[in-house]
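A lone chain, given as structure tokens: the form predicted alone.
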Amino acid sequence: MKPLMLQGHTRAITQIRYNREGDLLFSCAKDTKPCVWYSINGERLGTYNGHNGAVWALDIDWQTTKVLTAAADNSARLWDCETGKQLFQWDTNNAVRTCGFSYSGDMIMFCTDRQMGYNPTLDIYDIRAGEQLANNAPLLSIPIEGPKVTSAVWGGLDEYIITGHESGEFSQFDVKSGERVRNVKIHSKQINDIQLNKDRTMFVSASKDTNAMLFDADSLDHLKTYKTERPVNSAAMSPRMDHVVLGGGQEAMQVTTTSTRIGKFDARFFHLIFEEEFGRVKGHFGPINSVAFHPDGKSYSSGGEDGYVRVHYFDPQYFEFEFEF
């Protein structure tokens, strides 16, 4: 499995995402410039220039026409995917930590941090409504009580938003009323990442407590646990096989004092149902901050603290492998 090495960022990768077709791979990093690449050959197509701080998260709409970014410069921005032109900018009082398009692509959400005396909010906008954008008046602004939101995704049918918090809790917010419908705490430390499966009925979470977990997206019932011995920064489910890939490593602050061999910076593959590890992929010389499966399940990508994005195409043996039970 020889990877493609995508080198375009000068600082640590924060998130990578494929578009729906999988022909494009989007990446954002602490270097203020989100990039877009051809996933088939690693060719860099361009950047979205405008942010003045680390870009924490990004998302792409269903038709691959718009890109949404969330950054530490107290702004979320909407871009034209093809031209790189900035379509709109939301200015906030705090750094914007996470963002996402609804499944329909008509609504967006982003969540801010708690800082400088300002409390975090989860803001929802209908991007078809010009007056909402012109007046910077969200369709719904939900104040976040308690620990700050570190990751968020839209639930099924755009009826709710699932948030992961610094304390290890999950919350489910109703998009129409803004009420917190459910709240569960299974993880003991901060949730770093939430990713849905292909049909959006389940999601996998990655946490600093060294575990990744599988949950039902509607009821927030805990289904499976994938245990490691280091913080997990990101986890993704294969759309083709019953597999989960985890990426992580130790805290970024401790990386300089540890050799690559001890740091455990490899991507780890677990069986979705049996919770057993069956493979590892080395390569990054720092913690892996984000992982994503290609929509066809034939490859996966990882972005690391080292600033590289690695695209791995699976060998034929991977698809022939059957778990013994």
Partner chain sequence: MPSVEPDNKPSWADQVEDLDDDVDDVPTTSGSSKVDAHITLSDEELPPPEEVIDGDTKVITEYSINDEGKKVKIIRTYRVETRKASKTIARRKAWPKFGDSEYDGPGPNPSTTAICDDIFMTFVTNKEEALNDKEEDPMAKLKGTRIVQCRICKGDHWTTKCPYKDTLGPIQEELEKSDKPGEPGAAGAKGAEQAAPARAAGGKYVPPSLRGANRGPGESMAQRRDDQATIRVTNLSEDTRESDLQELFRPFGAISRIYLAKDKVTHQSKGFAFINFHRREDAARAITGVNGFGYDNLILNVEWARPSNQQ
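Just so we're clear, the structure is a prediction, and the values are computed from it rather than from any experiment. Numbering follows the first chain given and starts at 1.
In what follows, reference is made to the form predicted in complex with its partner chain, a form of this protein that is not presented.
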| query | finding |
| --- | --- |
| Its partner chain contact at Asn49 in the model of the complex, heavy atom, 4.5 Å | yes |
| Heavy atom of Phe278 within 4.5 Å of its partner chain in the model of the complex | yes |
| Tyr18, heavy atom within 4.5 angstroms of its partner chain in the model of the complex | no |
| Proximity of Trp37 to its partner chain in the model of the complex, heavy atoms at 4.5 Å | yes |
| Single option in Gly84, Gly105, Pro231, Pro147 placed near its partner chain in the model of the complex, where near means a heavy atom within 4.5 Å | Gly84 |
| Residues Arg11, Lys189 and Lys208 all lining its partner chain in the model of the complex, heavy atom within 4.5 Å | no |
| Its partner chain in the model of the complex - contacting residues of 195-228, heavy atom within 4.5 Å | none |
